[in-house]
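A single chain comes next, written as structure tokens; it is the form predicted alone.
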């Protein structure tokens, strides 16, 4: 088993990391987003199903496409980021299981029921979205995840003709704001049981 991460790593990933609302004006290279994906893709998903689909909006033209669908409170802080990622989940993920889970040829049949496929895609796509945030922090980027947007509009704009649905959006880059004071979290005894 690997050793525990040191305090600096825990601070960077969790303890001192903060959601950002303003961004350094910069253009980051495509290699940044490819490296980010190449890290996050190794986070575990059930049956290695990997249903998340990511749209990295890095150009002004790309970002303009999402602007009308952002809630008023999220628009300015999102549009200023070097990258806006739409994190979606593919309801047809099982079609990729022959590649992703090759040791069990029956795996695609596990998800023939649309309700099972939807729950699996949403759950595991959400996990992959969380891996995106942690991978970004691990690579020295800041993240600003959000839910305030028109899902149906984003789906029409970016996923038309597919079975991909938007889950959430995450702005990425290097934060330039002073974060708000950290909000409280539940104590262990409020959120956990040991049985």
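Only a predicted model underlies this, so the values are computations on that prediction, with no experimental measurement involved. Numbering follows the first chain given and starts at 1.
Not on display, but discussed next: the form predicted in complex with a small molecule.
Comparing 38-46, 62-70, 157-165, 141-149 against the small molecule in the predicted bound form, the single stretch with non-hydrogen atoms within 4.5 angstroms of it is 141-149. Not one of 96, 99 and 124 places a heavy atom within 4.5 Å of the small molecule in the predicted bound form. Using a 4.5 angstroms threshold between heavy atoms, residue 53 stays clear of the small molecule in the predicted bound form. At least one heavy atom of residue 18 is located within 4.5 Å of the small molecule in the predicted bound form.
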